[in-house]
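Below you will find one chain, with nothing else, as structure tokens; this is the form predicted alone, and questions on how it binds or moves follow later.
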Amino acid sequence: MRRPPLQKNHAYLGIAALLAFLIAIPFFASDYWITLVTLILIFTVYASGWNLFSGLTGYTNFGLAWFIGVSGYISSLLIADHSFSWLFAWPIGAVLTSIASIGVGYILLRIKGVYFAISMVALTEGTRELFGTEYLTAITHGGKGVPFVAGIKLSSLYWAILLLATLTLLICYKITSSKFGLRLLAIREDELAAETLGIRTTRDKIIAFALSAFLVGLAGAIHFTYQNYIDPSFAFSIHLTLTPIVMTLFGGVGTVFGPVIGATLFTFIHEILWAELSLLYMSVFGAILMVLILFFPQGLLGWMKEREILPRIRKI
């Protein structure tokens, strides 16, 4: 059923108003709020990038931190040791990570289910140990990490991640509603049947994997520039893998805007619990996650679609 033109215009106006508000935030908000929204946008890209591959293909990627850490290290080392401008270091880190992911995907995407998930965890943990070893100290600075100053203002960094988040959502929207997105969904539902229909499943999985690596890697480069520091223990931490996954589950796996909703609500809940219930933070947070899993197994957007609050279309 096609949406009436007036309703579609209202949706476009709402999106334009929201974008105008987000663009204007550095002009009137405090550094605290700029920082908070910056983190929301970074994790929006992480969650959307994970969802672009795992949500559409059904291959659970427990190695998202590998994309983040490799790109973060490349860009950070270019800035710290080779005096590159962040404007060039960020895309170089993302592109090289995406190229590396093609090789990784060519090998690992031939295995399925829990074996793929475990392989990505092993790759991430192995890379973390490798980057922290004394044998690579001359390149990665070992376990002591890399402190650096990129020379970018908080407002400029905020606008950069806002642009990336906007482009990421547009890419996810286009892919989800395209023939390529349909092929990825066919892989998720029944990969063997998809192959019998002539879909080149390995090729499509690698393309989605590499695109996810590029978007997540670019956000990772921005993330560590925001922190002015990178080290193996955080760059490849399980936290950077699990948090975007939980955010996506929160909002709705396989949806376009679910990761955005999940990243926004998750970050605010985290901030409130950490400020008000620091001693019981993990207990309360765990209880909230249990409630979400029990009563909203399809995520908030999935729940709203089931009750026909939202239309059952792939473009949301």
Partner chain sequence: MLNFLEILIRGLMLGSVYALVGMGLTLVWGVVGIVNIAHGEFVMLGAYFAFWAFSLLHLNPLLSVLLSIPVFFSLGVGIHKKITERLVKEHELSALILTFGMSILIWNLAQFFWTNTYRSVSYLTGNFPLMGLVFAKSKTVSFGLAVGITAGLFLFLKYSKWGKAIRATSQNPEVALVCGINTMKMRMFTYGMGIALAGAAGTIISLQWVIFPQMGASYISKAFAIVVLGGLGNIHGALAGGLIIGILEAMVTQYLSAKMAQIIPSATILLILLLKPTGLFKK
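Here the structure is a predicted model, which means the values were calculated and not measured. Numbering follows the first chain given and starts at 1. The term rigid core refers to the maximal set of C-alpha atoms that superpose within 1.5 Å between the two forms.
Just so it is clear, the following notes concern the form predicted in complex with the partner chain, a form of the same protein that is not shown.
The partner chain in the model of the complex is not approached by G145, whose heavy atoms all lie more than 4.5 angstroms from it. Using a 4.5 Å cutoff between non-hydrogen atoms, I34 does not count as a contact of the partner chain in the model of the complex.
Looking at G126, you'd find a heavy atom of it within 4.5 angstroms of the partner chain in the model of the complex. Residue contact check for I107: one or more of its heavy atoms lie within 4.5 Å of the partner chain in the model of the complex. Taking V114, V149, L87, A138 one by one, only a single residue has any non-hydrogen atom within 4.5 Å of the partner chain in the model of the complex, and it is V114.
The contact with the partner chain in the model of the complex, taken as any heavy atom within 4.5 Å, belongs to A122 out of I102, A122, L167, V95.
Heavy atoms within 4.5 Å of the partner chain in the model of the complex are found in exactly one of 257 to 265, 36 to 44, 23 to 31, 59 to 67, that being 59 to 67. Comparing the forms between this form and the one not shown on their rigid core, the Cα displacement of I293 reaches 2 Å or more.
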